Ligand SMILES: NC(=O)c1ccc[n+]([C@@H]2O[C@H](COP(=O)([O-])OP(=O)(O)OC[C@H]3O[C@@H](n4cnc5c(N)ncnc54)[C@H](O)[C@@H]3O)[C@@H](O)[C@H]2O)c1
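The chain below stands alone and is given in structure tokens; this is the form predicted alone.
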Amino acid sequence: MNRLMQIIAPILRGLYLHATGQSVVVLPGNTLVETECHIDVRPAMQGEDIHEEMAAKIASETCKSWIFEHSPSGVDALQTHGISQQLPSCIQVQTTSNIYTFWVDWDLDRCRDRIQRLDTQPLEISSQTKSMSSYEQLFQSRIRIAERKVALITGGAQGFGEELVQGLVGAGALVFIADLNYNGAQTLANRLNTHYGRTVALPVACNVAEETSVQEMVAHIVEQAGGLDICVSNAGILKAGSVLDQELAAFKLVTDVNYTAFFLVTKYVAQVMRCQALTAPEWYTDIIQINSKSGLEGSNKNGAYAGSKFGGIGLVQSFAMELVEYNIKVNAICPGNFFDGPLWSDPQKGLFVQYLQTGKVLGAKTVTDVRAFYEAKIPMKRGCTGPDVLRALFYIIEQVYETGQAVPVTGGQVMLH
């Protein structure tokens, strides 16, 4: 997908987010068809480039006209509850040198089917009656906070990432599983799609420490869904070592994956979210870094990791200040130790085995002894789990009045002050 379409697709998606308050997918098609919704963005073109704000204004005005002509009671029909309405399912956008066709639907598989059948029938929407109290609406929205939203999870093929993928899919989101381990991401996506009987997850290969790879990942997501609502920057690496003898290469690798990669992911994801915000000024999107309790306090002989995580919180706060203009919330979750994940529990390379073999825990004779030693450090006497982090994730997505925060999920081991 070229840069021009990378801008137009999120702008179009924003129109539907604003009009309906519900998430959609927007896919490009290769065939020109008869459609009543035609947007001419040539006045916004600067050669082969495009002025994003002007293109968004043109798109908004054009779609208002379309809605006025076709909906039951004019432009305000989208604010009227309890009646059926229609929106275009196929939009053609004319630029200086091309005409692009975009298709819209609530569901990825249905949208793909529309393209295959060249189905331009209007998109039917039904507004729910607002008879509930404000508190009833609040609790109803909590249940459906991620429904139909488009999400990205980096490092999603295993560990915490896999738990987060399953949780968001279970909450109704369409999830892109980004991982250097593409086969693992594909296996997980296939398993989830088979279980739910439709496309709920898609794999995408990405090395988050390489700018070109991140840029291509985001372009792929826009091509497959039209935009993005939730980005969970989860990919991370740990290489412990004393400052007295750790190799610079190991220190740089941890910094690249845990710190610099968060900058790269935010840079390209935020560009898409900003385009959506130009036509959906009341739609909130989320960038969430999975940080660590080591981002809240130092870690002995683990300075590269703790330093990268401390730095990540600095980026979270700085990005939150800058991107709030576009209703992009940026927050961090700081989990405690995930004892059941491969980092700790791998039977050959896990930290429990390493600590047993090196005698780090005095008197420990088995892996169980080592685990018990570390669990005893936690007031709640257990490690962090996927559901623990998911609860924090859903809170952050739901809470529109919170940005720039680092939410600890540590069982009381680390407390903010």
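Note that this is a predicted model, so its numbers are computed, not measured. One rule holds for the numbers: they count along the sequence shown, beginning at 1.
Keep in mind the form predicted together with the ligand is missing from the figure; the text below concerns it.
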(request) Pick the stretch from 241 to 249, 97 to 105, 284 to 292, 115 to 123 whose residues have a heavy atom within 4.5 Å of the ligand in the predicted bound form. (result) 284 to 292
(request) Considering only heavy atoms, tell me if residue 327 and the ligand come within 4.5 Å of each other in the predicted bound form. (result) no
(message) Is it the case that residue 226, even though its partner is missing from this view, gets within 4.5 Å of the ligand in the predicted bound form, heavy atoms only?
(response) no
(request) Answer for residue 337 alone: is it within 4.5 Å of the ligand in the predicted bound form, judged on heavy atom distances? (result) yes
(message) I'd like to know if residue 320 sits close to the ligand in the predicted bound form, meaning any non-hydrogen atom pair within 4.5 angstroms.
(response) no
(request) Tell me, out of 192, 278, 171, 180, which residue has a non-hydrogen atom within 4.5 angstroms of the ligand in the predicted bound form. (result) 180
(message) Looking at 186, 207, 299, 215 here, can you tell me which has any non-hydrogen atom within 4.5 angstroms of the ligand in the predicted bound form?
(response) 207
(request) For the stretch 145 to 166, return the residues whose heavy atoms include at least one within 4.5 Å of the ligand in the predicted bound form, in the order they occur. (result) 155, 157, 158, 159, 160, 161
